[in-house]
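In structure tokens, the next block holds one chain alone, the form predicted on its own.
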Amino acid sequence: MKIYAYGIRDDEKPSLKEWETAHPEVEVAFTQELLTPETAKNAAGADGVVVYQQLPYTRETLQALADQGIHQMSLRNVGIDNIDLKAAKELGFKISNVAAYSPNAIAEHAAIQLARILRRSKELDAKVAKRDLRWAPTIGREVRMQTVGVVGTGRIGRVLIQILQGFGAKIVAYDIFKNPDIDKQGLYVDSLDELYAKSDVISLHVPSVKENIHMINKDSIAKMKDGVVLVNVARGDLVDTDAVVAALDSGKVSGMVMDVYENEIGIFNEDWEGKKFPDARLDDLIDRPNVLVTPHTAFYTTKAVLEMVHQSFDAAVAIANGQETRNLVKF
């Protein structure tokens, strides 16, 4: 059996080597190049490919794989919104993802960045760097004094709730699929509007599906408390960025944590130092003292990377062998 992997980063190579050692019966080949219609030919002779969500996987890309006799794609990430699923279905593809590589990594990042926003650490760091060691006016807020609205109570949302409860924060939650433990604690509210009205902080942990696109917009922001803090470590297109910029300008939104961005593909995970930055809106957000931008790195821990590599290769082999895998995507 042969599995071909695209976009393998240097930080993934130790985990890949560990998997190879444990599976000597599988031939592994890989490249740092991303999967495109042109690079699809590199996988000729493979039983499946392992990829990462950094480019759109269009009909043309999928057809190029199919032309090599490959009808299996194993993602090292969760999201499948970059895949032309209609084309994948028509071409007979089986697709797997890594649905849970480390919920803790993402939830911890959300909690840490939220605490930094509340304690105004970006402003304080800038002052200290200039040797301005005065306290005022950068007074902070305590996490335990906040009501945090958690939208989405899947694995990540539930871990975040546990972390914030450790701080002493009050939690309200909303999900169309209620978790029994969260329900037993009495944390659910009946609607997003109710969550918006009650929350000092709103943290998003839902997938990028049609119903959720731009769920944070001009109208939903108007229903929130003045001075609300927004946290998005889920998907960039959950947020209408222009609406948030306007709310930051007016003070309706007092702070924003963003690990994802609507137009991040081609911008995140690139070095722009000394070059013309391609997105003026994002450039402005990065410079704001009350906005914390990270380039889709909430997941980026040694544990998460290991799980992403190991689970994706496990799934690729299982699919090639005609076996069941819990990571198979239904679409």
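Computed from a prediction, not measured in an experiment: that's the story for all the values here. Each residue number is its position in the shown sequence, starting from 1.
Although it is not shown, the form predicted together with 2-OXO-4-methylpentanoic acid (COI) is what the next lines describe.
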Worksheet item: Counting only non-hydrogen atoms, which stretch in 50 to 58, 63 to 71, 30 to 38, 271 to 279 is within 4.5 Å of 2-OXO-4-methylpentanoic acid (COI) in the predicted complex?
Response: 50 to 58
Worksheet item: Heavy atom to heavy atom, is residue 77 within 4.5 Å of 2-OXO-4-methylpentanoic acid (COI) in the predicted complex?
Response: yes
Discussion item. Against 2-OXO-4-methylpentanoic acid (COI) in the predicted complex, would residue 120 count as a contact residue? Criterion: heavy atoms within 4.5 Å.
Written reply: no
Discussion item. Taking any heavy atom pair closer than or equal to 4.5 Å as contact, tell me whether residue 318 reaches 2-OXO-4-methylpentanoic acid (COI) in the predicted complex.
Written reply: no
Worksheet item: Do residue 158 and 2-OXO-4-methylpentanoic acid (COI) share at least one heavy atom pair within 4.5 Å in the predicted complex?
Response: no
Item to complete: Using heavy atoms and a 4.5 Å cut-off, decide whether 101, 299 and 308 all contact 2-OXO-4-methylpentanoic acid (COI) in the predicted complex.
Response: yes
Worksheet, complete the sentence: If we test each of 109, 225, 141, 235 for a heavy atom within 4.5 Å of 2-OXO-4-methylpentanoic acid (COI) in the predicted complex, the one that passes is 235
